[in-house]
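What follows is a single chain, given as structure tokens, in the form predicted alone.
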Amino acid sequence: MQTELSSTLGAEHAVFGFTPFPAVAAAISRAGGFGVLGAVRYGAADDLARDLDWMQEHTEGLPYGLDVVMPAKKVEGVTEADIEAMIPEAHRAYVEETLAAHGVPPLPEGEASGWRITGWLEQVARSQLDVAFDYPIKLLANALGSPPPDVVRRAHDHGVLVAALAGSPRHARHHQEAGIDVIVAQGYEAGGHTGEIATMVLTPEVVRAVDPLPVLAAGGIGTGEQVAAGLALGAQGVWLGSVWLTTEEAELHSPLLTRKLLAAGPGDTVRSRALTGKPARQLRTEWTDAWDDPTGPGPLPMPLQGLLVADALTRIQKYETEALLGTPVGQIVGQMNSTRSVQAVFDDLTRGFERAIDRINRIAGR
């Protein structure tokens, strides 16, 4: 499963694995793929440095990358307190009413929220980059499209390729014009922030739109046969995120959430603004239903929604409130039916890929 792009980056397989967990990212690289560590959950640069130190010790010199969340336009001087002050009290009250309806207790006195999307903030994301470029990362990916031009230049000065996610050919062409090196064509089926076009349609359109830039297919991919399909559509690799959530190395810290993921079918996800304020595919729960309810106040725009619900999500996770407990995940969740090691996932991907190639060769009479 090697392509020109994976060979350039030094990976055996053209499987790019996005994950917020360092242990998973390192295991992906050790298994022959390309691990990409998500940085959005790191509010402090020191915490990211600690985990990148760990990655260095556990990747055996193999390549890996970092995924950040940065707006294309620089927005300096805006603090978290400034954003907090913009949140309406009616929305805060709705959060408390929803939690109270499900009997979710407050956090113990003195215990801070452990879940805050602050990585999108200009100063936080830039402090992450100050740390990241001290490490031998091979790829910098941005989940919000093209990062600011000075960030692209800085990455290139360090010999780091830059990737950006795109949900349409128009977005992909914009990334190409911005000097992006790799386009991730993220289809409707994908977990997290995603657009309206399905992967099977989106991938070849993006490939044509940005030729000769390499494209990674993302969304609804979790088997070797689906990897082969992505490459057959012209992609130079695949970008997988959801499939790692139920691996042994994942740090969900919630047996209940793992059981919910293993039991879920492909129809048990929904694109909702409940988490961040932008449409993101996630498990459908009574929490997402509450924010999609037309009688409620509705989600706030990004980044207000993420800060609004941070404490609530920490409480839901801490007390494992089943009806409300969820996570971003794609429609591939229907095929995530057992807990396996990252290496076992790669073994299955390789076998499935070989089956698909053999099947095509038989059809072609080879």
Ligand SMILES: Cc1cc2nc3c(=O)[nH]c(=O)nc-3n(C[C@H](O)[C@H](O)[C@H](O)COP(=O)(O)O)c2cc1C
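The first residue of the sequence shown is number 1, and the count goes up from there. For clarity, every value in this text was computed on a predicted model and none was experimentally measured.
The following text describes the form predicted together with the ligand, which does not appear among the structures shown.
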Open item on the list: 186, 190 and 328 - do all three of these have some heavy atom no more than 4.5 Å from the ligand in the model of the complex?
Closed with: yes
- [ ] Give a yes or no for residue 287: in the model of the complex, does one of its heavy atoms lie within 4.5 Å of a heavy atom belonging to the ligand?
- [x] no
Open item on the list: Please tell me whether any heavy atom belonging to residue 221 falls inside 4.5 Å of a heavy atom of the ligand, as the geometry stands in the model of the complex.
Closed with: yes
TODO: Indicate whether residue 276 is a 4.5 Å heavy atom neighbour of the ligand in the model of the complex.
DONE: no
Open item on the list: My question is simply whether residue 230 lines the interface with the ligand in the model of the complex - judged by any non-hydrogen atom within 4.5 Å.
Closed with: no
Task: Listed residue that, although the ligand is not shown, lies within 4.5 Å of it in the model of the complex (heavy atoms), from 215, 240, 202, 140 - done: 240
Open item on the list: Considering non-hydrogen atoms and a 4.5 Å limit, which listed residue (26, 69, 52, 300) is close to the ligand in the model of the complex?
Closed with: 69
Open item on the list: Please identify, from 329-337, 42-50, 26-34, 307-315, the stretch that has a heavy atom within 4.5 Å of the ligand in the model of the complex.
Closed with: 329-337
- [ ] Determine the residues of 151-168 with a heavy atom within 4.5 Å of the ligand in the model of the complex and present them in sequence order; the list may be empty.
- [x] 165
